[in-house]
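Consider the single chain below, provided in structure tokens and representing the form predicted on its own.
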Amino acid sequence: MNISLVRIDDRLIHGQILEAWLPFIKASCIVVADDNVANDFFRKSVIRMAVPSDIEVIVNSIEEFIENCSHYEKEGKKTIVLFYDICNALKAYNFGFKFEKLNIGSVQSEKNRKFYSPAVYLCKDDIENLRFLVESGVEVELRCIPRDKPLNFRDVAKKAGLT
């Protein structure tokens, strides 16, 4: 597995992933690392049906993903890793899945979340988790699709007065 993109997207696999990121990266594998989806036969089936048959789709819990990650790396496929939320990405990072760059594509608006970009709303815990990742050396960007100008989390946080 050649991890080409680590992304947080609460929609997981959808049009932006299939029509923009997949061809941009030339990925041949998508890994969804999410405990809820991994335990939901219906959601796993829908995800697999949505992806072209020439793209491998792996749905793991966070723990399974960490256990299998080194095995996947031996296969050498360009891969997109999707997490539903920032908490799951941080959990995987703390369990040993070290990544250098994190793309945040979509985090929906909910109560106690503030606007940071048109598709990204963050709460206090999200900000703290992202700060931890940034302080650990992870470059965090907010960007929906490859042709969008990436927003660096540090700049966004500074502009919002969070530094």
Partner chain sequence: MVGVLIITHGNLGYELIQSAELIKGRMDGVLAISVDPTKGVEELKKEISSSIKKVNKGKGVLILTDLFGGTPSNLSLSFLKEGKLEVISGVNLPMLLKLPDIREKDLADFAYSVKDYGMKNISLASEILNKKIGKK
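None of the values given here were measured: they were computed from a predicted structure. Numbering follows the first chain given and starts at 1. Note that the rigid core is defined as the largest set of C-alphas that superpose within 1.5 Å between two forms.
Only in words, not in the display: the form predicted together with the partner chain, which the text now covers.
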item	value
Contact segment among 30 to 38, 54 to 62, 93 to 101, 117 to 125, judged by heavy atoms lying within 4.5 Å of the partner chain in the model of the complex	117 to 125
The partner chain contact in the model of the complex: residue 19, any heavy atom under 4.5 Å	yes
Close approach of residue 13 to the partner chain in the model of the complex, 4.5 Å, heavy atom	yes
Partner proximity in the model of the complex: residue 110 to the partner chain, non-hydrogen atom cutoff 4.5 Å	yes
Heavy atom contacts to the partner chain in the model of the complex at 4.5 Å, residues of 41 to 69 in sequence order	42, 46, 49, 50
Cα displacement of residue 109 between this form and the one not shown reaching 2 Å, rigid core superposed	yes
